[in-house]
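The chain that follows stands alone, in the form predicted on its own, written as structure tokens.
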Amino acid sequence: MRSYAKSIALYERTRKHLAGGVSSNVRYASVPVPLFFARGEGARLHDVDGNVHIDYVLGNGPAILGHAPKPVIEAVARSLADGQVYAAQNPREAELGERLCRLLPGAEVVRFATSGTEAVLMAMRLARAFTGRDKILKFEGHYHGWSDQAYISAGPSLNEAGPADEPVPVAGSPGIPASVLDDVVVAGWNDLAALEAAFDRHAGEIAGVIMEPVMVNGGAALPEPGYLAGVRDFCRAKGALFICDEVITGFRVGLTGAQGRFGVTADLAIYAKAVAAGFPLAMVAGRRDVMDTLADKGVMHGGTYNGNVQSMAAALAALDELERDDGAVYRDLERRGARLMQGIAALGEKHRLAMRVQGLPAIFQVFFTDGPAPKNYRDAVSCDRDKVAAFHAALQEEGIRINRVGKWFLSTAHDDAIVDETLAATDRAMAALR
């Protein structure tokens, strides 16, 4: 058995002066306590007790190049002597903006922010200002940050959520005013008829439709064929903006994100996480006429750390790596990720476990269920969550770190040898699980 004595002691110490002992509630989802890590290198994390973990959490997605990637670290180190924040512009912003508008579908202009939550709020405000409407439609199980306006029906219990054909908006936290729910419309995902019904109930009121183009947070479910294009076309017909939250999928599932992968362009798109390979950076990209309301209509967006020197330097260096040889790193990542997914599924059959592996090679999820792979949030929450928590614990004992709900992120540092090591450890974990 692995020892976590130092993490346990540090957690008890930290709880005395840090609210709840963590800096993000998401970090509670670790056993036996929120773990403390001393350093990360490539695909591995070293905790304070000396345990080494092959890391498939990757900071919940940002570390697309693995931990402490040398080209990014060196670029940031060189930038430190230039200062950090100017309350003014710096040339790296211009260079990065040009590169992003060249790469990303529909990105006529961009605006930088610091966190995904902040960028989501910017996109929602832009949609409301541009259309003159107040309501935002979002989907069950899609996570768009922890703010009052966004943290609605991200993970509701089915008892609270109401009927599948007309879900009830559910606040995700105490402290969210009930009045916020009046401006949020919730629908089931992967169902164009459900979207149309929601628009009929709120005719002329919906400013924008926001979604994860792959339902990563709710179950790594892919959009049904034609669904994304159907949502885009329906939004255009109804005068609402189509907003893709690519905070996770952007720069992870390919240089052009999920929009490029599925051939659908949104009016606005939100990016964060992998764009700066671990440094804090987010942005909204999209149509010039919508984005120009920031200047032309005085739509407010500010932020002391927006466009800071180190995040700009990190993103430019990360793009150098991701773009090299016409995106060769993505081809390698796809091949290894597909092999890992197939290997896990084959091991499930070997150990006679009722399970499904779904998603994309750069991010996928393992479910324990006798039924088909989930297509939406309600499918996902009907799977065996106790079994996946036990799988998480068994993998951790074998030195494999995944998200506690069964989600796996891959980086370019997860080479073939690490995939082999992971599959061997997974075989042992599944044997223990049985």
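All figures in this text were calculated on a predicted structure; none of them were measured in a lab. Quick note: we count residues from 1 along the sequence shown, nothing fancier.
Below, we turn to the form predicted together with a small molecule, even though it does not appear here.
- Among heavy atoms of Val275, none comes within 4.5 Å of the small molecule in the model of the complex.
- At a distance threshold of 4.5 angstroms between non-hydrogen atoms, Phe199 is out of contact with the small molecule in the model of the complex.
- In the model of the complex, at least one heavy atom of Tyr143 sits within 4.5 Å of the small molecule.
- Taking the partner from elsewhere, Val253 is found to have every heavy atom lying beyond 4.5 Å of the small molecule in the model of the complex.
- For the candidate set Gly286, Gly257, Gly116, Gly219, a heavy atom within 4.5 Å of the small molecule in the model of the complex is found for exactly one residue, namely Gly116.
- Comment: the small molecule is not present in this chain, but in the model of the complex one of Ala123, Ile248, Ala315, Val209 has a heavy atom within 4.5 Å of it, namely Ile248.
- Between 144-152, 225-233, 163-171, 76-84, the stretch whose residues reach within 4.5 angstroms of the small molecule in the model of the complex through a non-hydrogen atom is 144-152.
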